[in-house]
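Presented as structure tokens, the chain that follows is alone, the form predicted on its own.
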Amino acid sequence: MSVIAAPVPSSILDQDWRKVLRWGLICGGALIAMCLVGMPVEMDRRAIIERYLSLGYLTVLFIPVLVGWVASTQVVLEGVEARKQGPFDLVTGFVVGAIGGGFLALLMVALDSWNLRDPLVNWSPKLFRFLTYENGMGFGAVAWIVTGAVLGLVGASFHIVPRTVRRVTSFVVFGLISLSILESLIDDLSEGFRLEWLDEFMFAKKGGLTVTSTIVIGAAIGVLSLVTDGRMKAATERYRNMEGVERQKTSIVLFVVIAVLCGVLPMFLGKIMNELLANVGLFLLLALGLNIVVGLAGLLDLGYVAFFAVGGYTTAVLTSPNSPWFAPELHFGIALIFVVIFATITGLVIGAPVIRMRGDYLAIVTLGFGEIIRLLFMSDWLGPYFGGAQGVTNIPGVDLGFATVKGTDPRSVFYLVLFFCAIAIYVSWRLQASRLGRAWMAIREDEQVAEAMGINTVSAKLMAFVVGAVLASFSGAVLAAKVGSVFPTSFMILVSIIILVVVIVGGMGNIAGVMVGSFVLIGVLGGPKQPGLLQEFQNFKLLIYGLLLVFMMLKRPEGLVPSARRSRELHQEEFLQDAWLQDDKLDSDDEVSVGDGGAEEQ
């Protein structure tokens, strides 16, 4: 196969200036949008490195780096040899970043000249002081143009520097940001393990890493990235290539290690961190159920919160003395039996009418069912039975005989959630490798082919709805016992959306991916009403969820921790292309070998 060389620019100024201008406008527009949303000013209170860098400035500074990197990315067509990247691309990133910084300078002039606070609520003196570094408009304008140009240059340089430099830099930057984000968790752990000196060394009194700890920890992370270069990837590939008994043993060992950590760490954490872990566990339980419906069976269910509500209200009615119509005041364990029964019935009722629907139609109908159930619980018609908008209160905790699990003791709640999560993980793991699990995955890949192969798609889909409903009802039951009350507003459609984002970002069809997605999204950003580690994101979490979802769909649709099967499905065309190129290369080598052999004989 002949390869055409890509045209080499005659000079560093031989740019596609229309493309450069377009990316500069994108950079400037993103910077202005970020500022007018209010995120930089709101997050300026959170320090990353004391006195030098805040989370607010970080949200602005990363945009020129990202756009500079994308603008200087070389698009290589099939059959065309890529040119060597160099100063030409650095100029691209430099100009794009400078244009973006210029937009911020224009925003400062506009902030100083006009008052547009009425339509734009974040058009404020705080934003002006943030952009000018409180040193005047002239200084701020020059500073942002220079800073934008330098950051765009840095983004473009990642295409040129050696891979080792790129790896070390990215590890150091993301490692330091992660440690700063986990400050409250590290504070709790250092106090629990009596390592207060480590906390004092790492973090300043007003928050953020100290300058000394930034240098020391950054150097340590850099060395660690060099030592582990290639080993983590090799270990991951080795685990993925394991089969049969060997893979099963390795999975059991990993599960035991994670279980021990989850059982031991809460003992050294305070109430706030245990409350956070309990919330993560509740959403993980929901995500594991939705992972069966969406990740394994491929059924896009946007009304999944309905099963969550059924579990919560069933527990409330059967255990609370304040139940308005029927108050048997059963023990939580007995009530849980009825929770499973009612969740199964609800799963069948919702699943049966939509069983022949696919794609968008299925999503819209399940969305409607979810809203119908929430409105029924809120309605005056069922108010005498479920309390209407007032809900059901005075729900007792879970009496274990030797202790009572209730919301005032987050650690005990976390252990209860951990118990149900362990059940859900085991059930998901066993089902995934079972005949039913393989039927679900066949339906997800191609329902018509699965039906032609003899799979009863109707019963398989209904079983997916039922299993997902039961796991979601467990989470609703625990939530009712934890909070002590249930209200219709606790089961908004937003819960279904966030759980779907958790599954997609983590990795659909993969238990480990769902766990990672829950810890990253719910643990850091928080749930619909639950705070995460970064409470500054409280007002912007839906925006961040949306941006993250769009980015994942475009760049990594298989998720953060994808399953091997799911990766093959989503990248089938790439695998086929690679195989074609490999066969073509082998054919070329054979031709060369035959030609050489003939020459030698002559």
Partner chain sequence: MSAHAVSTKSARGLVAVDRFLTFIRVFLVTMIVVGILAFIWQQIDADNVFARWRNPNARGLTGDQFKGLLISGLSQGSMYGLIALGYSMVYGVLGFINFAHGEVFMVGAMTGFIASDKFQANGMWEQNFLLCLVLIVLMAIFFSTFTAVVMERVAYRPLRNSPRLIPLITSIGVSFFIQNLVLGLFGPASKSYPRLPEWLAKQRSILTFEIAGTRLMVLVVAAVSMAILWYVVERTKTGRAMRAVAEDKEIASLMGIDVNRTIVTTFAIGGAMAGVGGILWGLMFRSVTHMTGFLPGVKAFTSAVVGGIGNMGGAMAGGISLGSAESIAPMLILEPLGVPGVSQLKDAVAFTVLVLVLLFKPSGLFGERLSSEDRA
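The model shown is predicted, which means the values in this text are computed figures rather than measured ones. Numbering follows the first chain given and starts at 1.
In what follows, reference is made to the form predicted in complex with its partner chain, a form of this protein that is not presented.
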* When its partner chain is placed as it is in the predicted bound form, which of 489-497, 226-234, 84-92, 205-213 ends up with heavy atoms within 4.5 Å of it? -> 489-497
* Position in contact with its partner chain when the complex is considered in the predicted bound form, options 70, 542, 561, 49, heavy atoms within 4.5 Å -> 542
* Considering 259, 173, 357, 189, which brings a non-hydrogen atom within 4.5 Å of its partner chain in the predicted bound form? -> 357
* Within 4.5 Å of its partner chain in the predicted bound form, all of 118, 352 and 368 (non-hydrogen atom) -> yes
* Distance check, residue 456 to its partner chain in the predicted bound form, heavy atom within 4.5 Å -> yes
* Might residue 61 be said to contact its partner chain in the predicted bound form, defining contact as any heavy atom within 4.5 Å? -> no
* Using the partner position in the predicted bound form, report whether residue 302 sits within 4.5 Å of its partner chain, counting heavy atoms only. => yes
* Asked: Even though its partner chain is not shown here, does residue 122 get within 4.5 Å of it in the predicted bound form, heavy atoms only?
  -> yes
* **Residues of 361-392 having any heavy atom within 4.5 Å of its partner chain in the predicted bound form, listed in sequence order** => 361, 363, 364, 365, 367, 368, 369, 371, 372, 375, 376, 379, 380, 381
